[in-house]
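Take a look at this one chain, the form predicted on its own, written out in structure tokens.
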């Protein structure tokens, strides 16, 4: 079905409008889900760090480093946690989960006993590191690194269905707009054919007599224009009787 040239710009405007709506809605979904999931992961990491800090106080005071290592190894199995390390009040290492060794970026980086740090470790990835002090920092601090790659994967999964739904709505809307525009374009095309038929009755046309009759019976603007065209054609055929 061909769209009349009169409505081509209208269809382009509809496509552009739906495209802007789809892109802006998708961007808003990505931003909202990213912020919510990132906040949730940081909060969970802080809770885990505080739990380890509370559980390791007696172990650190007894200098039982093997039990301390076993403790953080258990938490290392939780989804999203890529590394855990504990340092004492002087910044000396007590236990960690790095294999085979501690990355130099962490050795040389900030190890504040409290707060959140974003780290990029070559060969490991990007992480959000949350710290929790042990006994207000007097006995050291616990540091938990959450994998940002897992956060990104969760975001993709969360917004995937939303983007899928938006895409379906976009396609259905475009198809619907195409047919609706053609509903308006078709009578205009018939009106053009009818006026050409009145101007040149012997010229070939695809407009049938039934089409012309239905066109003249319409009670909208297209019907009014068709009746005006017929009236003007009849006046042109009738000699002017005015002096």
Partner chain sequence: MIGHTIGLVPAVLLAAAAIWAAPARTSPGNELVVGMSAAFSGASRGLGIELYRGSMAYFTEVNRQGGVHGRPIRILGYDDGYQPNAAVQNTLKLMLEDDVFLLFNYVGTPTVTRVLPLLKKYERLHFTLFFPFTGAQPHRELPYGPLAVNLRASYRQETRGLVDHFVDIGRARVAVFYQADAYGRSGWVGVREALSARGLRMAGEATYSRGTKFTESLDRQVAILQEAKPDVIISIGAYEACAAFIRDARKAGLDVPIANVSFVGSESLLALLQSASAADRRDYTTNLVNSQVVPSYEHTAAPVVREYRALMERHAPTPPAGFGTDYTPLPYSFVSLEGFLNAKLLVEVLTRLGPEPDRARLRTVVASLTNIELGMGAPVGFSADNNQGSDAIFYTTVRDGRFVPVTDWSEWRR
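Computed from a predicted model, the values in this text were never measured in an experiment. Residue numbers count along the first chain shown, from 1.
This protein has a second form, the form predicted together with its partner chain, left out of what is shown; the following refers to that one.
Although the partner is absent from this view, residue 70 contacts its partner chain in the model of the complex, with a non-hydrogen atom inside 4.5 angstroms. Among residues of the shown chain, residue 138 is not one whose heavy atoms approach its partner chain to within 4.5 Å in the model of the complex. The closest non-hydrogen atom of residue 104 lies within 4.5 Å of its partner chain in the model of the complex. At a distance threshold of 4.5 angstroms between non-hydrogen atoms, residue 63 is in contact with its partner chain in the model of the complex. The partner is absent here, but in the model of the complex a heavy atom of 94, alone among 134, 130, 94, 81, sits within 4.5 Å of its partner chain. This chain is displayed alone, yet in the model of the complex one of 112, 157, 167, 74 has a heavy atom within 4.5 Å of its partner chain; that residue is 74.
Shown alone, this chain has one stretch from 143 to 151, 113 to 121, 96 to 104, 159 to 167 that lies within 4.5 Å of its partner chain in the model of the complex by heavy atoms: 96 to 104.
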